[in-house]
Structures are given as structure tokens and as C-alpha cells.
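What follows is one chain in C-alpha cells, specifically the form predicted on its own.
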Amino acid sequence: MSSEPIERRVSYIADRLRGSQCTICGKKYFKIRDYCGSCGRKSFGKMREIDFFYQKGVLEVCTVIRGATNKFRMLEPFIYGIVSFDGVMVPGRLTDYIVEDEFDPTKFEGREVVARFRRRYSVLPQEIIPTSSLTFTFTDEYYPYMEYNKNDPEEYSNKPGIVSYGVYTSRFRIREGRMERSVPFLDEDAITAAVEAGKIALIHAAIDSKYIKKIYVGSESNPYAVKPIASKVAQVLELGEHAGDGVRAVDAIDTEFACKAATSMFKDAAALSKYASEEGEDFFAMVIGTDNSQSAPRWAPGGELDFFVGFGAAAFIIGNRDVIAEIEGWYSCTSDTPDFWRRDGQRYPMHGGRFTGEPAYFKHVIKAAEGLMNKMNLKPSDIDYFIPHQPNVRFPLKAARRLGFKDEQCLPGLKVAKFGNTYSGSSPVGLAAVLDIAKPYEKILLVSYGSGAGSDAYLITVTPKITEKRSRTEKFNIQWQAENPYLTYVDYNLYRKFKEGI
């Protein structure tokens, strides 16, 4: 039987930071081993798999690389070192750090780090993108250590809904006037952001990843034209039961409908959860909206988008147990309104200019919101928070006012001025911001929008369960990511270099 491709074998270990431990003497190893170097032959069949994916380590020694080989040249200069995880030494690169001319390793060595999921190095366009969690950042800066405690699901909910959520945006920002936007580091893309957001959602849920039976990943900036993001996220996060030979018992699918590629799947996940409840089964699905929002440079056709695009991902676990926000109902509307598009083979999308306003964004957002409120017999005053899609600051507030909402109902979830338009993560990021502060029994109206065009409206009611879950990820909530003291601001040229990636 032929072996698997080398990149598959490498990524299976490095993406998850897998190791081995001898059950006889307890010695741990990085990478999978069939036997223990100390116990020898008697340890065959007695090695167990371990991983360091959710652990924190210590950067023991490091150096700066200024003359990297071809594949790593785009990353240089970068810091490389040895990280210890409970005595196991792991080589890796320090990411999210711009190296200055002078380098003092004593400022870095001895500090705690956490594993991050990133691209390993540059490859040609026709090659598989190499990924790894052998990249690290300091726990006392932008991305803190968050403990992952796994518990069995507890109480059933009368209605399926959101069980947990997680948002990831980069520490790098470009600031222009009153607006700033999240910028991907050189080794980040839509895949890496999806993994980070999914990881945080699992920590917030505090359930074993094996319970996730389906994952949807919505994006319009998949670095592959043909190959799903969802399969990589499922493998790295170990979603579903282990079926043997590196295969997981989980259904994984990518979705695409511009900026509503993720919210379109909320109702599908909720419907599957409801069906499972009627059959007496547990069901959890992960829905992720992730984008390295694309735009041409400002001097090129379509460059008007470049004033608003951001980077990030929002992940939601939807299920029928331990629900923090019940999905009460939904309403969707669609039309063929081509306000934004990217032709096959084209690098950047095109924008319909003024055609994106009234006949596209406003028509669909307002019709979806009014349709759901009529369906649920509600008026704006019955709703505590209104969260529309956020392509810029002006459109959401204008839509809210036309629907009869007050600014104070909209502003808590309006985060485009902090992160930019994160496309598939746009309205989901706003939802996460509201869930960070909402009180039990408050009602939320979420209305996404996707160019092309359509909107999904959801009525969501917060449950008392939300209060006990917030503490698990409050170190990395929306406010922390928006106002972090370790944010790094870059100029336009460096932003474009980061945007193109390695």
C-alpha cells in the first residue's frame, strides 16, 4: 500500500504538536514514537499519544535568523528557538514579532509561550500550503494562555442555539483617521484564523471536541480554488470521534455566499440540533466565518474596498445542550443583485460602487429584518440589540434608523471601526461583542448580508448559562482584542506586504 503524501504526514504531527509518552517510565517525546528510548523493546505497544496544543511552554533559548533559505526568506528576519513543554523540547519560530536591528535574546528567553497555528513557509502557487503549530507567541502579550477543561455536555435546551463562541483577530492593525483594521501577519490566512477562532470556541464551550459532529466554514478568501478549509480545521482541532488512521468521524463542508457564508449555516446547524433532540441524541456543529478580506491596492480597479477590509474569524458552536443563546427564529431573502464579485481566475474582487447601497445592502437587510419581526410579532422596542452586517460604519447605523432602532441598540455590536470589514466574520464578530456583555433573557436581532445578494435574520434570546461561560475566554474577549496594549500598527506598504502573505 502506498504511503500518504509527505505534507499530510508532517502536518498530522506538527499541526497538533503531537508527541508520545511511555506508559512504563513516563518519558515524553515530541513526535510519534513506537517505542521508548529508555525502555526499549518492552515498550512496544505501550506508548500513548499526547499533544501540547492547548498547553503553555517556556521559550528556553532563541536566536534571530537574518539569512534564511528560499522558503523562509519572506519571513526574515525572524526569531527561532527551543520551547519546553513539561520537559519536552520542541523547536519553533516566534511569530507576530517584527525584529528590530538590534536583538537581545535575554528579553525573550524564559518567558511563557503558547502555540499558534500558522503557515510554515512560502511555496509555489501549485503546491500544498504547509501549516504548523510550531509557531509561538508570548502569553503575557496579545494572545494569552486559556485553559481548556473538557466536560461532558449537561442540560438539554428547549430550543437549539449557540453553545459557545470564539473570535480571533490579529494584533497587527493599520490606522487611518478614526478607523483601524485588523491586518494578517505574513504567515496568516483564512485557514489559520479559522483554527484560532475554533480553538477559542472549544475552550469557551468546555466540551470535548469529539462531540462536534459537523463543521461549516464560510469564506470568500480560501487560498485554494479547489480544496476545503473545513477539512484542515477539523483535523487540527480533532473534531468528531477518532475513526482510526488519522480520520475523524465528522462532516466538514465549506460554504460561500460572500459575507453571509457563515450565518447561512446557523439555521442548518440549529435544524440538525432540533432533529437530534427529537431523536434523543446530542448534536453540536461548529460554524466559522473567516476571511482575509480581499481588495486590490488603492490605485488599481476595485481599490475602493481597500479602505475598509479587515482580517479575522468568528466561530460558533451550535447545539442542543448547555445553550447560552437560543435561536428563536429566522428569515432569509435573496435576489440576483451583482454588487460585488470576483471572476474565476481573478486575484481581486470588483465592486459595484453606488450600486451596493440601496438595491443591494439596504434592500436585503431591511427586508430580512422586517420579515423576521413580522413573523415573530415583534417591534424594535422589543429587541435589546440590533446587529447588521458591517461593511463600514455608516451603513449599519443608517439601516438601524430606517428600521426604527435607536443608535444605542446598534452601537455595542458595531465593531467595523476597530477590526474592519471581516466579510464572513463581520456580523458574527458583532454578535460575539454583544454576547460578551448581554444579560440573560435579552433579545438580539442579527441580520447578515452577502453580496450577490441576500440576508439572513435571526432572533436570539440569551440564557442564564452565558454568565458561567464568559470567564473561560474573557482574557481574549472582543474588548481585549480591540483595546489591547500590545497592538502593533503598521504603515500602508507593510500592510499590503502582510496582506499578500507568504
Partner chain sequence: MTNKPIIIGVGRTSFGEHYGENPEELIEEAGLKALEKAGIERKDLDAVFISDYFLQVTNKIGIEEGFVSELLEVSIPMETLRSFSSALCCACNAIEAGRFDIVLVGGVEKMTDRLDKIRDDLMMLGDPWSYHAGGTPEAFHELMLREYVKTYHLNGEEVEKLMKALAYISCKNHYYGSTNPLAHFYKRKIRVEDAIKTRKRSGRILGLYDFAPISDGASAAIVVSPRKAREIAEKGLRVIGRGSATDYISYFARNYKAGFNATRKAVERALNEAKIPPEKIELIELYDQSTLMELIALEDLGLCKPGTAWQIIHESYQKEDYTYHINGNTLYVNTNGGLKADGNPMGATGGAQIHEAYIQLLGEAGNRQIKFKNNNPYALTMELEGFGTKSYVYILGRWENEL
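Since the model is a prediction, treat every value here as computed from it, not as a measurement. Positions refer to the first chain, counted from 1.
The same protein also has a form predicted together with its partner chain, omitted here; what follows describes it.
Of the candidates T106, Q346, N149, N377, T106 is the one whose heavy atoms come within 4.5 Å of its partner chain in the predicted bound form; the others do not.
Think of it this way: in the predicted bound form, its partner chain has a heavy atom of just one of A417, L397, A296, I82 within 4.5 Å, and the residue is I82. Contact annotation: G67 falls within 4.5 Å of its partner chain in the predicted bound form, judged by heavy atom distances. In the predicted bound form, its partner chain lies farther than 4.5 Å from every heavy atom of G244. Of the heavy atoms in E60, some are within 4.5 Å of its partner chain in the predicted bound form. Taking non-hydrogen atoms only, L494 never approaches its partner chain to within 4.5 angstroms in the predicted bound form.
Of the stretches 424 to 432, 406 to 414, 98 to 106, 362 to 370, only 98 to 106 has residues with a heavy atom within 4.5 Å of its partner chain in the predicted bound form. Shown here without its partner chain, the chain has R120, Y121, L134 in 118 to 137 lying with a heavy atom within 4.5 Å of that partner in the predicted bound form.
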